[in-house]
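As a starting point, one isolated chain is supplied in structure tokens, in the form predicted alone.
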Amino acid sequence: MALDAVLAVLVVGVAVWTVAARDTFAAVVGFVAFGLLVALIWVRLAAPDVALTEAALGSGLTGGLLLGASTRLGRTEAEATGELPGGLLQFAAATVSVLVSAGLIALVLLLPEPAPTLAPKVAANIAATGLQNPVTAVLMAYRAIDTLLEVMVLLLALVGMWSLAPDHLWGGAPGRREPADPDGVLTFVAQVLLPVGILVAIHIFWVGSVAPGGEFQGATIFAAMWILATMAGLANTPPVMRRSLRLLLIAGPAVFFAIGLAGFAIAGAFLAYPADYAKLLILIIEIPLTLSIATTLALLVAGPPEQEPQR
């Protein structure tokens, strides 16, 4: 209980500090620390799948995106720091925050006893999916449409970000080419961590059917290894005009959607799986989906094209 109380105090304190911080970089660091604390809270709540997702996506990858954004905004930050919102705007923001917080508290406190849940039905029918991890079973079977839409949102976000590139850079490689330093610490760390990280990503993906893990967590680690390699100058991001890159981006959603349509013929509904082949079909979806998610996440961190396209 003492640990839980300390975590509760820390997460509230870091959240307040993150919101109050005027420096963009400091606010991002606070956001990353907040995400890691929330991941620890999920572990204490016996929800390791959510904890992994929070650490990898909520804190890690999103933190990287915000760090990149803070770097790009550094030139204008000095001017914005001196500007303060008016009193009316501050009052409105505070009022909305209090109302949202009060509404969330009320929802938690006024839940019926016992709380409504579909967990017993999921547990009773999980064998039909061939999966032992209930989280993966729910995401890939009972809420498969939601998972498909999440992947499509990521892809649309990437297309929207690419559209921010100037016309003369369209088709070039995202981000900047980082020079490799053979004697640099970052290069050494990247060379050591890359094979280990890839093996960990494969393991996290593979055990997702029976234990905490899955395609999103594994894809995030794959993306992190790609980002590390580009930061160390060991590789460069491919140009967005490359056909193989675009095929890799759409392969996962395309396979997901194709098997979903096949469900009409083989199981009588969209994204329905026949019991004898459910696990095989889910695995066929997850392999290209993991690669597509990893590529999308890495490119989101890289940013819009900044290198001249090769003619």
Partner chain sequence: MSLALDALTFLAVAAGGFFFLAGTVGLLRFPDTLSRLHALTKADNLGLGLIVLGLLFQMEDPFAALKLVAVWLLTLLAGGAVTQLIAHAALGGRSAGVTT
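Note that the structure is predicted; figures quoted are calculated from it, not measured. Residue numbers count along the first chain shown, from 1.
Beyond the structure shown, there is the form predicted together with the partner chain, which is absent from this document and is the topic of what follows.
Taking the partner from the other structure, the partner chain in the model of the complex has no heavy atom within 4.5 Å of any heavy atom of Phe91. Not displayed here, the partner chain is approached by His203 to within 4.5 Å at the level of heavy atoms in the model of the complex. Although the partner is absent here, Ala235 is not a contact residue: none of its heavy atoms lies within 4.5 angstroms of the partner chain in the model of the complex. Although the partner is absent from this view, Leu148 stays clear of the partner chain in the model of the complex, with no non-hydrogen atom inside 4.5 angstroms. Distance criterion of 4.5 Å from any heavy atom to the partner chain in the model of the complex singles out Val189 from the list Val210, Ala127, Leu199, Val189.
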